[in-house]
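In the form predicted on its own, a lone chain appears below as C-alpha cells.
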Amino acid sequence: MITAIAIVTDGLVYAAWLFVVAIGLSLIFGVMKILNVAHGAFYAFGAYISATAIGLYFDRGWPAAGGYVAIGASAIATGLIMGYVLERVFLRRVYGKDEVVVVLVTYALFLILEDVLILIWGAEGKAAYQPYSEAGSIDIGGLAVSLYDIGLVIFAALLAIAAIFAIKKTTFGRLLTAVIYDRETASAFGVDVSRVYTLTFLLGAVLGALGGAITAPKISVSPGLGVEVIVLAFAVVAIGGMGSIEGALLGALIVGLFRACAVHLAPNLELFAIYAVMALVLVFRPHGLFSPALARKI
C-alpha cells in the first residue's frame, strides 16, 4: 500500500514539474512552429537566478513566505528579459526560413547560454533548499509528503486550467488559435502576427524559467541541468502532441506515472520506461495523442 501511494505521489509531483516545463515549449511550437532547443537554457537560468535570489533573501532573515514570492518574481524577470532579447535579436532574423535552420539557431543559442551560466556562476553546484524545508510535510498513508510538492501539483493544475481557459475563452487565445491554424489568413484579416509571436515567445520563456525556478529548492543547481530537461520536455510534447496544452498535460501525467512505477519497481528501467512509452505512443499516433487536425490540400 505504501509503495502504491509512493508511486502515485511521486508520479503526480514529477508530472506537475514536467508540465510546467513543457507547456512553454509546446506553446511556442504550436504558434510559431519553432522547436525551441533554447528552452532548456530558460529553465537553467530560471533555476540559477531563483537559487541566487532565494539565497540573498534568506540570508537577510526575512519572513519565509516571501521566499516563494522571490521564486516567482525571479522567474518572470528571467523569462521576460531572456525571451525578449533572443526573440528580437536572433529569432526574428530567421522567421520564414527552413525549420532545420531555426532549430540549429536555437541549439546554438542553448550551447552559448550553457557556457554563459558557467561563466557567471562557475562549475560548482548551488543550493537553495530553504523554501522546500520551510514548507514542512504531512503524513499520507504512512508516507511523509512535502507540502512544497503538494503545492507544486496544485500550481500545475491551476496553470493547466488557466491556460486552457485563456486559449479557448479570451481574445488573445482566439488570436493564437487563428495563427496556429493559418498564419497567412490571420495576417490577411488584420492580426499582427509579429506581435503575437513576440508575446508567445515571452510567455513560453517565462514558463520555462518558472519550471527551473520552482525546481531550484528541490535540487542542487549545477551546470548541465538544462540538457536533461529539454530532452524530457520533448518527450512530453511528442506524446501529447506538439502545440496542445491538453496534450502537454496528458503527456506529463503519462511520463510521470510510468517513471514513478519504474523508480519504485524496477529502478534500472527508469529512463527506458520514459522513452519506451513515447515510442509506443508515436507508433500508433505519430503526431501525438492530441495533435490538431491537419488540413488536406486537394
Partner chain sequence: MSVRHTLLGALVFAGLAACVPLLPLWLISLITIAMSSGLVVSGLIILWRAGLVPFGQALFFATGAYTVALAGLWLKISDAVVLVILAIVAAALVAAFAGLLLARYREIFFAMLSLALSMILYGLLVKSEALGSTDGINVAQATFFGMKPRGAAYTIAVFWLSLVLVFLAWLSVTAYLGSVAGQMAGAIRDNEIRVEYLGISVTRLIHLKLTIAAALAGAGGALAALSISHVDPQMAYWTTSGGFVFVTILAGAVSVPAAFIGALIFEVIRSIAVAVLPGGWQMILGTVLLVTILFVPNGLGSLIMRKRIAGQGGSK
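Positions refer to the first chain, counted from 1. All values reported here derive from a predicted model rather than from experimental measurement.
Same protein, other form: the form predicted in complex with the partner chain, not shown, and the subject of what follows.
Engineer: Could you spot which one of Ala53, Val31, Ile254, Met242 gets a heavy atom to within 4.5 Å of the partner chain in the model of the complex?
Structural biologist: Checking each option against the partner chain in the model of the complex, the one that comes within 4.5 Å is Met242.
Engineer: Please tell me which of Leu109, Leu159, Val179, Val153 lies within 4.5 Å of the partner chain in the model of the complex, judged by heavy atoms.
Structural biologist: Checked against the cut-off, the match is Leu109.
Engineer: In terms of non-hydrogen atoms within 4.5 angstroms, which of the given stretches 70-78, 220-228, 186-194, 167-175 touches the partner chain in the model of the complex?
Structural biologist: Single hit among the candidates: 220-228.
Engineer: How about Met278: is it within 4.5 Å of the partner chain in the model of the complex, going by heavy atoms?
Structural biologist: Met278: contacts the partner chain in the model of the complex.
Engineer: According to a 4.5 angstroms non-hydrogen atom cut-off, is Pro267 in contact with the partner chain in the model of the complex?
Structural biologist: Yes, contact at 4.5 Å.
Engineer: Examine Phe90 and determine whether its closest non-hydrogen atom to the partner chain in the model of the complex is within 4.5 angstroms.
Structural biologist: Yes, contact at 4.5 Å.
Engineer: Should Val94 be classed as touching the partner chain in the model of the complex when contacts are defined as heavy atoms within 4.5 Å?
Structural biologist: Flag for Val94 set to yes.
Engineer: With the distance limit set at 4.5 angstroms and only heavy atoms considered, check whether Leu35, Val105 and Val116 all reach the partner chain in the model of the complex.
Structural biologist: Contact check passed for all of Leu35, Val105 and Val116.
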